[in-house]
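In the block that follows, a single chain appears as structure tokens, in the form predicted on its own.
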């Protein structure tokens, strides 16, 4: 297996163009090294950790710019993330162990494209975008279209994610990320649900609702039908029950060694209900009617 440490983005992109499917990009390596040990060894490793300019977290007008090499711990300890994007902060805070958070990068978690990736559902409800670099040039793409299947993204084999742009939610919005796993934060999410709501000015109805589901479909998804059901309405017990059941119906989980598909749907329903209850109370100061 060949090993490369490019010092520039152009050099890294040239290596990917040359080696194609044989190349595996590595930064933190928390997933790649496990794959090498237990699955198969790639033709070459391209370590992008030493490329300058791909880290950091900075405010950029009405959004937050997060470099793809920022670690999960960087995200967790950022006061900007905690204050401006609490739903993303919560996903980082529930991400594996401290040792893993110190090593794993947010770009790696995104590009791994695992349906259970902790930061993915929060990024969907935040309507974040990625800046993608290719030998032919750069483009910006919403994460809603970035994920194309388990382990597959629009980067293909020749592109790199360089930064993440996350718009700040509207004033008065409240969000939460809820994770269900056998061993809590130490385990991969069996189900992850991100909820972000924005009440109207009078705080009586849901002006906007976004619900992201992780680990229950081939890619992380938005529960768009459930969102449409809730927009413009006041949250009642009956509506809450209907919305939670609809979110579960929008999921398509598999059965595997960790859980049955039926159990995962039940968890989607329970976490969606809890997330809506929590965010409604936080945003309006009211209990569900």
Partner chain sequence: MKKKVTLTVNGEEHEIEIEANRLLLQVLRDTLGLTGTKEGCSIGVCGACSVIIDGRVVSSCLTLAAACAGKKIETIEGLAEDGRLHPLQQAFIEYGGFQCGICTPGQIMAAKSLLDENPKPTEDEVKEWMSGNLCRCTGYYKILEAVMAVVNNKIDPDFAFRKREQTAKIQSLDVYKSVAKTN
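Positions refer to the first chain, counted from 1. This structure is a prediction, so every number in the text was calculated from the model and none was measured.
Not pictured, yet referred to below: the form predicted in complex with its partner chain.
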Query raised in the report: With the partner left out here, if you bring back its partner chain in the predicted bound form, are 29, 50 and 98 all within 4.5 Å of it by some heavy atom?
Result: yes
Query raised in the report: Between the options 102, 207, 204, 148, which residue brings a heavy atom to within 4.5 Å of its partner chain in the predicted bound form?
Result: 102
Report summary line: Contact with its partner chain in the predicted bound form, heavy atom within 4.5 Å, among 245, 254, 33, 229 goes to 33
Query raised in the report: If we take heavy atoms and a 4.5 Å cut-off, which stretch out of 219 to 227, 42 to 50, 55 to 63, 254 to 262 is in contact with its partner chain in the predicted bound form?
Result: 42 to 50
Requested in this report: Look up in the predicted bound form whether residue 71 has a non-hydrogen atom within 4.5 angstroms of its partner chain, and give yes or no.
Outcome: yes
Query - Proximity of residue 2 to its partner chain in the predicted bound form, heavy atoms at 4.5 Å - result: yes
Query raised in the report: How about residue 152: is it within 4.5 Å of its partner chain in the predicted bound form, going by heavy atoms?
Result: no
Report task. With heavy atoms only and a cut-off of 4.5 Å, decide whether residue 93 touches its partner chain in the predicted bound form. Result -> yes
